[in-house]
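Only one chain is included here, represented as structure tokens and corresponding to the form predicted alone.
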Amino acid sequence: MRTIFHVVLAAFGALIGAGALTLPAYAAGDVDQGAKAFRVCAACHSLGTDVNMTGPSLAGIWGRKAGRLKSFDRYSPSLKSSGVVWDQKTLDAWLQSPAAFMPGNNMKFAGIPDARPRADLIAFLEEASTGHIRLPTAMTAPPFEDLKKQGADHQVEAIRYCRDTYRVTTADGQTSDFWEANLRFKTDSSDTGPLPGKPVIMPAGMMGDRGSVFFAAPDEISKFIKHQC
């Protein structure tokens, strides 16, 4: 008399033989859907070669060792020492939960819990990394406009500081007042950053009351701002 165990075992073998049951495998992702999913990633990552933002460029990520892009300096120690090589398996684990996959890393993204969108995004990254698809300029270009090419209304001639107010005068002769908390001072040392000693102001926010002044190097900031009421 056949036991239940033997019946289940026979059925299991039949399924394998018929090809109805296979070992777990990563689903093939949809590249087009993955390109749409990448829009979220694009806030922090570019697909342009060595175009780094908050996070490193993802150009050529497929098969690259984690934490080893030479042009990026903000990797966490845990990522640099991990020995991880980016492929379908490691990217899937990383995208599901960066914190769980590699504790102590600097990635603030919580992760993608659903397997389907992860598979789509991974498929897109593989195709983009290997050059099999043509990427739109928005995914590969530097994050800011070329600050060297801004007009006189953006070229800063002087910055005066009085109590809680910055007064910014531009090359077109106009002066704009900013509450000190609404004006940010930044540096951009990239190829599209401002010329040395020629800071540029760019609008920030929707109301026109906020701005960012970009300098070519940090030591220019204190030299440029004059205390004057």
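Computed from a prediction, not measured in an experiment: that's the story for all the values here. We number the residues from 1 along the sequence you see.
Absent from the display: the form predicted in complex with ligand HEC. The rest refers to it.
The partner is not drawn, yet in the model of the complex one stretch among 154 to 162, 85 to 93, 140 to 148, 126 to 134 has residues with heavy atoms inside 4.5 Å of ligand HEC: 85 to 93. Although the partner is absent here, Tyr75 lies within 4.5 Å of ligand HEC in the model of the complex, judged by heavy atoms.
Taking non-hydrogen atoms only, Gly67 approaches ligand HEC to within 4.5 angstroms in the model of the complex. Contact annotation for Lys198: none of its heavy atoms lies within 4.5 Å of ligand HEC in the model of the complex. At a distance threshold of 4.5 angstroms between non-hydrogen atoms, Pro56 is in contact with ligand HEC in the model of the complex.
Contact check for Lys186, Ser212 and Ala216: none of the three has a heavy atom within 4.5 Å of ligand HEC in the model of the complex.
Annotation for 112 to 135: interface residues with ligand HEC in the model of the complex are Ile112, Leu121, Leu125 [heavy atom within 4.5 Å].
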